[in-house]
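One chain comes next, on its own, written out as structure tokens in the form predicted alone.
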Amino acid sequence: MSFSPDWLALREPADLAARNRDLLAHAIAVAGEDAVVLDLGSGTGSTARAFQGGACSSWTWRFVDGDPDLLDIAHSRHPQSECVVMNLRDIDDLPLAGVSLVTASALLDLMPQTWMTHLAQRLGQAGIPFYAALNYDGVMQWSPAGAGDDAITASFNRHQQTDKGIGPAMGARSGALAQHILSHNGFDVTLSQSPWQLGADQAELHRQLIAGIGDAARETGNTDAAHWAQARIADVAHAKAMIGHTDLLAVPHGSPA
């Protein structure tokens, strides 16, 4: 499970704009100054770039990803970071020593419920807060709307629950499931909306997103997916899209923040 640097760079501005600002500020307060932050599925380090200024300037980032090439890019952009190449399925091997906050972005919807349960147990035992942003929530809306939009969304959501290499993914249920699991492992959990809002200024991201949605829908057996994607891409300069996400912050019971 890996993504191209070009795709990650293309989506980063939309991710940054979508992040829930109040929850981001709360996560910064929870971690405090001189924090060591472990970032899961780091890619090129976009989560670190979302946390900038103030207390974050003294943070140490520990990037964890299974793709060494992406981590090389992350380290080149964040020379003071620590980089760990490992399979995210290996929860027990996560380097949590000295960590003040664990983060992830656009990850939970790709992971299995069993993985989330194991992570929650590990973080609960260690008393470490968890911030997970941009978890796809199953809602997609286009303007102008089309007759096939709902069927494509349903097909895509089914595809999101398929195995991404670790086990059947939580998909659109990831935010709610993670909230439930973390709450039962000693955390106070806040879940906030963080939708992508795509317009004409993100036309290339919109095109690639539509193509990916169409491919996924077709893989589930939706025979209208190719036609839907072709029509949507042809109209992308005049269309808008809202792609729903949630941000989550889990703080251990009794934490001062």
Ligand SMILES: C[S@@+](CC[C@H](N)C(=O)[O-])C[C@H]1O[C@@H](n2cnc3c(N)ncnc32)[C@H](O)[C@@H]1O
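For every residue, the number given is its place in the sequence shown, counted from 1. Source: prediction; values computed, not measured.
Same protein, other form: the form predicted together with the ligand, not shown, and the subject of what follows.
Interface residue among 185, 81, 105, 155, judged by heavy atoms within 4.5 Å of the ligand in the predicted bound form: 105. Just one of 110, 74, 172, 181 comes within 4.5 Å of the ligand in the predicted bound form, counting any heavy atom, and that one is 110. Taking the partner from the other structure, the ligand in the predicted bound form has a heavy atom within 4.5 Å of a heavy atom of residue 41. In the predicted bound form, residue 46 approaches the ligand with a heavy atom inside 4.5 Å. In the predicted bound form, the ligand stays beyond 4.5 Å of every heavy atom belonging to residue 32. Mapping the unseen interface onto this chain, residue 215 falls outside it, with no heavy atom inside 4.5 Å of the ligand in the predicted bound form. Contact with the ligand in the predicted bound form, judged as any non-hydrogen atom within 4.5 angstroms, is confined among 24 to 32, 218 to 226, 196 to 204, 65 to 73 to 65 to 73. The three residues 36, 50 and 130 each lack any heavy atom within 4.5 Å of the ligand in the predicted bound form.
Residues in 206 to 230 all lack a heavy atom within 4.5 Å of the ligand in the predicted bound form.
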